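To begin, one chain is listed below as structure tokens, in the form predicted on its own.
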Amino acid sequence: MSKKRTANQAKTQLAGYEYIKTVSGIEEYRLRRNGLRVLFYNRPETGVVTSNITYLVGARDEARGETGVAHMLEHMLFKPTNFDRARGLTDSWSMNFERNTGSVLNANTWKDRTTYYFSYPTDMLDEALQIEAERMTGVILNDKELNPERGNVLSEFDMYNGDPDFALSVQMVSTAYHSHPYGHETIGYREDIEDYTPAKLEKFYRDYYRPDNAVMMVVGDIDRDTALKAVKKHFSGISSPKTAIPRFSIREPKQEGLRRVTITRPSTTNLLAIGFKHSGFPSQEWFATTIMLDVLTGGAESLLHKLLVDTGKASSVSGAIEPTSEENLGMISINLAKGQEHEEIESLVLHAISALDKSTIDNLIKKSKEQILTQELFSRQHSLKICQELTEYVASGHWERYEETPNILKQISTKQILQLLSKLFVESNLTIGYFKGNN
């Protein structure tokens, strides 16, 4: 019998767990009692552990009229739970934990997932996992708890919506996607936020906050048996509902031409946004698109920075691409200099992109790959950064591809980038947005 098989047999013998696989030192298990998946990764001699639970629910799971409810629920999980109230606490245990231990905790909601993480000294593991288990079932959802937090989220929305970049982004995705739920921002629409009820949040919570829709990561300076026994202790008593996890299966209608949107507001800002639909994460094409976007917009040496900023036609150029599991909208955003016309800059940029060749971009691609690879390797040295990156792979349904990323990046060629530019920057794949300040 091989040593590898013997090691795997030992893992399967851990009481209460089914061993799934090991990839690049990361071990996957399933808690037999309720289907909770656990990823364990030992990072010794750091004195720090990060526990990170990812619920496979995000903005894509929201029905029309209920946009932003996943983000709203994230806020509610930082308020006192039923368990906290039973202890007589006026504040949530999670917030007290952060203040009293100097630990790092936070959460974020995105298109495909919602994630909560703690990073703390090794001896705090048990307490952190208990807090997380209690938040899975004990959130209080009534008007008394909801109304103040709704006010906070509305203020957050108004702050974001006052930013021209955000306002244009909201209109860009809703123009690019007519049916798919990627067509709304994670925070949702203001009108929907105003109409939240405890019953709406309660249903969403019960549908998606369940062990069989979650992946718990424990990464850091702790041994496997201690970590998995602690997870089992706090989560095995939580049952997964017998009902299926609700999922939308929506195919976006084919785009057959260039789409446009214009926002006009009292402002001194004038923006041009060029949106392009790209492949989902973590496909090789997604990583190639990241390099392509970096070549176009990534800093002072990038092509569009030299074309626009260095010549005084724009004050800034930036690009964005999201790690979503399905096709999504990437964006180039250009802040126009005073006196510049949107139409002229749009024509200039699209013509410049269409004229790119190997001699123009070859060195930029090499530099971009080196920089991204360096960042990638650095992010794999710290438990919190590992969890933050691994979360996106988990949400895509392919966490094991985390190991493959450095090799994928190395293999991307100039020829592939040129083919990608020709594929993505055609009219039937583009959404163009103008933000026009009329001051």
Partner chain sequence: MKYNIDKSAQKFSLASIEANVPTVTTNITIDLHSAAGTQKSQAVEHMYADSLLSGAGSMTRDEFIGAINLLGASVSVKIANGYLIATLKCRGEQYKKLLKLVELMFTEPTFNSKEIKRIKDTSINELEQAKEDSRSIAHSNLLNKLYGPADRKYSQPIDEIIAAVPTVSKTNFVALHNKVRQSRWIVSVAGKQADIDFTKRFLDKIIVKNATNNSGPHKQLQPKAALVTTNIPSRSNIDFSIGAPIPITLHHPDYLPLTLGINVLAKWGGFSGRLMSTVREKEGLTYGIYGSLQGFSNNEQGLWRIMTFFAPDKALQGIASTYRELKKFYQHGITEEELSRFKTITKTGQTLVNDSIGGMLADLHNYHVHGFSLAEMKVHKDKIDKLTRKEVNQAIKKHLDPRQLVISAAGPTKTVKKDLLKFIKGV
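Numbering follows the first chain given and starts at 1. The structure displayed is predicted, hence computed values, not measured ones.
One more form of this protein should be noted, the form predicted in complex with the partner chain, which is absent from this view; the next part is about it.
Contact with the partner chain, judged by heavy atoms within 4.5 Å in the model of the complex, is confined among 104-112, 209-217, 248-256, 166-174 to 104-112.
Checking Glu344, Asp310, Glu327, Glu202 for any heavy atom within 4.5 Å of the partner chain in the model of the complex turns up a single hit: Asp310. Of the candidates Asn142, Ser359, Ser155, Thr264, Ser155 is the one whose heavy atoms come within 4.5 Å of the partner chain in the model of the complex; the others do not. Contact annotation: Asp192 falls outside 4.5 Å of the partner chain in the model of the complex, judged by heavy atom distances. Contact between Gln371 and the partner chain in the model of the complex is found at the 4.5 Å heavy atom cutoff.
Ser383 belongs to the set of residues with a heavy atom inside 4.5 Å of the partner chain in the model of the complex. Contact between Thr46 and the partner chain in the model of the complex is found at the 4.5 Å heavy atom cutoff. Residues of 144-161 placing a heavy atom within 4.5 Å of the partner chain in the model of the complex, in sequence order: Pro148, Glu149, Gly151, Asn152, Ser155, Glu156, Asp158, Met159, Asn161.
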